[in-house]
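A single chain comes next, written as structure tokens; it is the form predicted alone.
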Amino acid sequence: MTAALRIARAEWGFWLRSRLLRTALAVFGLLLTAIAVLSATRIETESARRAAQQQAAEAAFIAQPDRHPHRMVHYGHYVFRTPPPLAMFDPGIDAVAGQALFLEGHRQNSAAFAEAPSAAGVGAFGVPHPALAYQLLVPLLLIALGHAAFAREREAGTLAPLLAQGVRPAQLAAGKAIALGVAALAMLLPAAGLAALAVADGESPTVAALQMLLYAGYLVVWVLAVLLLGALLPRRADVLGALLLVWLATTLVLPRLAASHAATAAASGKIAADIALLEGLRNAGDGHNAADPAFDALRRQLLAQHGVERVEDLPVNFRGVVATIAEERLTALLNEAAERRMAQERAQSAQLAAFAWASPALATGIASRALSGTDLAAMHRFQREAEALRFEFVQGLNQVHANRLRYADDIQRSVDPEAERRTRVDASHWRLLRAFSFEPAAPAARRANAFAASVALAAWLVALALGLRIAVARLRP
């Protein structure tokens, strides 16, 4: 057995002999397991509930009776954002972002039914979950276990004899690191169980493995930090105080400051953008009013194209054509506004990510949400996919309006019961609605989104490893 392993074994023996440390290990293990089980149960239940709601919404839309197609445009449809498999480990923004979008003609609604809207800040912790426990709580266990690693040897007078017997400082540090690292990896067992369950639910094994590697790296950061300060400071009280200060600053204070900064730094120009959007919508024309001057050119073009003088003689319903063109113009304007808003949110997220170099907890959280598919990029993708479905079914109904109804009946349906009856199309047309299922982004896309924050965490690993090497080389009794 090498010297490093003998030292690690002695360290484990000390922890097991200490009632306080033995209790801490048991409590943390049970706590992490309980959080993992509760989180898995909650996300599995939530996923099933939203999937059932999606099916019910689609069934309700298709089951509508014969109607005027434009009434179905306003009847609308709900789509639900189903959590990805790794959300059971890191639900990310799930609790603070809307679960569903109501899709209807002439507008783009915001996501609704957030579980915790009051915590919707970009840095909010939200509902307790395993990722949060590993980011905040496990470092406290590592601090409790390892803060006295070197100070205890000094205070007990065993450091000088160890070095005199030929144990090199690097071997001593390696033994302490092995002992603390094994404890950290043992705490990852509940997380590994969740990763395996996520893979069974369809998650990419590569992404699940990278998620576990990310948190292993984060805990190693804390192992190195604990040993570094232990090697630099002479007394265990000094080491413990310094480590708690570092923990408080990097896991609580800096992420909150980063979130506050991000919430304000990139937010500007909203009023001007809203006014410009309203002006654009006004110029686009009212799709409910075929006599709107915005459609005069369209009327002349259709009359000339079909060689007729009245819209009543067109082979298509002019009101349906107007609805189609108006929706196209309006959607282009709304999409531009939505992209500007998303760009602003991405800028805020970038402001937050800049602080990852100052906080390994923040770097880990950003990369974790990206790998899990529960980050801002996932929410934006949900909004885009939902909008694509909205535009598709609304324009499909507008095409039915234009091609299946006579203009003469359409303009008389509010005063002539027979005309109103003839403008009801068969309910089979509602089947043009496509089934919606929100799936996680491709593994490559999620890896790319997590790359920058992972590099920041790797930089912490390298810097602390170098610092520990230098500090251990100068280790003295």
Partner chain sequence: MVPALEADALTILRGGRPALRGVSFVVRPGEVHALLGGNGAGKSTTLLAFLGFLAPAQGSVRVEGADVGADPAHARQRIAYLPENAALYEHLDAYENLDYFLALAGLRAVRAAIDAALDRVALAPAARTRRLETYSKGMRQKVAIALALLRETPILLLDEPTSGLDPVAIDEFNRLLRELANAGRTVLMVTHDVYGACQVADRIGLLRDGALVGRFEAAPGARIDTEAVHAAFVAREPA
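All values derive from a computational prediction rather than experimental measurement. Numbering follows the first chain given and starts at 1.
Keep in mind that the form predicted together with the partner chain is missing from the display, and what follows is about it.
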query	finding
Heavy atom contact within 4.5 Å of the partner chain in the predicted complex, the stretch among 157-165, 193-201, 225-233, 70-78	157-165
Answer option from D286, E345, E327, E153, heavy atom within 4.5 Å of the partner chain in the predicted complex	E153
A3, heavy atom within 4.5 angstroms of the partner chain in the predicted complex	yes
Proximity of A10 to the partner chain in the predicted complex, heavy atoms at 4.5 Å	yes
